[in-house]
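Below you will find one chain, with nothing else, as structure tokens; this is the form predicted on its own, and questions on how it binds or moves follow later.
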Amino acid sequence: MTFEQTIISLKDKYHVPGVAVSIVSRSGDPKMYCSGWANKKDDIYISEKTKFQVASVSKPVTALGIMKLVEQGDVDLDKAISHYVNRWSFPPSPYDTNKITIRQLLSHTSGLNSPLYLGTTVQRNPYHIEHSMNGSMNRKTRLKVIREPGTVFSYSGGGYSLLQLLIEEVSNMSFSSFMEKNIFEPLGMNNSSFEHPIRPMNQIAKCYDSLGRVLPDYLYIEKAAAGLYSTVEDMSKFAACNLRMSSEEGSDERDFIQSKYAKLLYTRVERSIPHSLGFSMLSINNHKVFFYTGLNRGWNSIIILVPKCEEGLVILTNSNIGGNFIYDVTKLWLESLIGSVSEYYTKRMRISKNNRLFILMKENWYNKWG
């Protein structure tokens, strides 16, 4: 069975409406495989230019934007975030919030909580990121310090909301405009945006719940953490850029940023912490594997890089139940690349049981209040 046939078989097995998969090389053209529905009702199929919401895969894209500011000398990774941000301040805390640095926010070691980002319907009056951080949109989005900064790894999407605000204050641009000018345009990611793509609507995939029912397209004010719209074609360009920058052969003329800054995106912050300043990290069969998974209501995604093999994988799906498809394809691809892979590793890249329960909780919440 070919890889394309396997993708179609697994999509049907797990009843995922639509999938877009890309095997990316450092310098060659990506091999893209698209199957299924972007919109079942209107008979629109997934293509390389179909837009998906990539959820938390937004974070390594944001991290690259932060590193641009570091390269330009506008931001110091080890300075307190409070040095740069004036529009928002931490609520009272027993911990010293002046210890929270940009490096910690990027690597999820800041001691911040992990707010519950539920999203809002596009039709509603838009909020600003401060509304989310203050909890005025929903009390579960309130950002606060719950651990001693710099002492432990604890995932926090809220840290990236703070980085979103940092980019706006330092650049004097909206977050979306900064990322457009400094990331998307230079990389040729012409169909990517942190703004909701209003037109043409037939290029945006519909998203579906676990029973195959169409869902509204929920807007995430927390753009840096969860709000990127992109295509498998564009995410392949992002993956290829990262493969070049993370190459063990070192930098070349195609590097997007200087190698001394790029290296930080792929260097474990501490031996005991499974994260760099851009990606989650694993070591499998003597290969460094960098990855990020994404999960929003109606969307599942993943990006994986194996620099030693000069190859990466991007998977985008438009369903709550896309996680099972992603898991199986990821395992097959990794094993074809680096040999037998224990489920211990692939489960760490999988959308966890807790996250699936989290999605069901979102469904129940929206059925009642959305």
Partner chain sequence: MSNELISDVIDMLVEITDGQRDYSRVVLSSSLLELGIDSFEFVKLVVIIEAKYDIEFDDEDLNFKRFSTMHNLITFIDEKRKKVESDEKESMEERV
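Positions refer to the first chain, counted from 1. Everything numeric in this text was worked out from a predicted model, so none of it was measured.
From this point on, the text means the form predicted in complex with its partner chain, which you will not see here.
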| query | finding |
| --- | --- |
| Stretch from 111 to 119, 239 to 247, 76 to 84, 264 to 272 whose residues place a heavy atom within 4.5 Å of its partner chain in the predicted bound form | 264 to 272 |
| Proximity of T97 to its partner chain in the predicted bound form, heavy atoms at 4.5 Å | no |
| Proximity of S27 to its partner chain in the predicted bound form, heavy atoms at 4.5 Å | no |
| Distance check, S177 to its partner chain in the predicted bound form, heavy atom within 4.5 Å | no |
| Y344 within 4.5 Å of its partner chain in the predicted bound form, heavy atoms | yes |
| Residue among K288, R142, H128, H196 with a heavy atom within 4.5 Å of its partner chain in the predicted bound form | K288 |
| In the predicted bound form, the residue from M173, V214, L219, L282 that sits within 4.5 Å of its partner chain by heavy atoms | L282 |
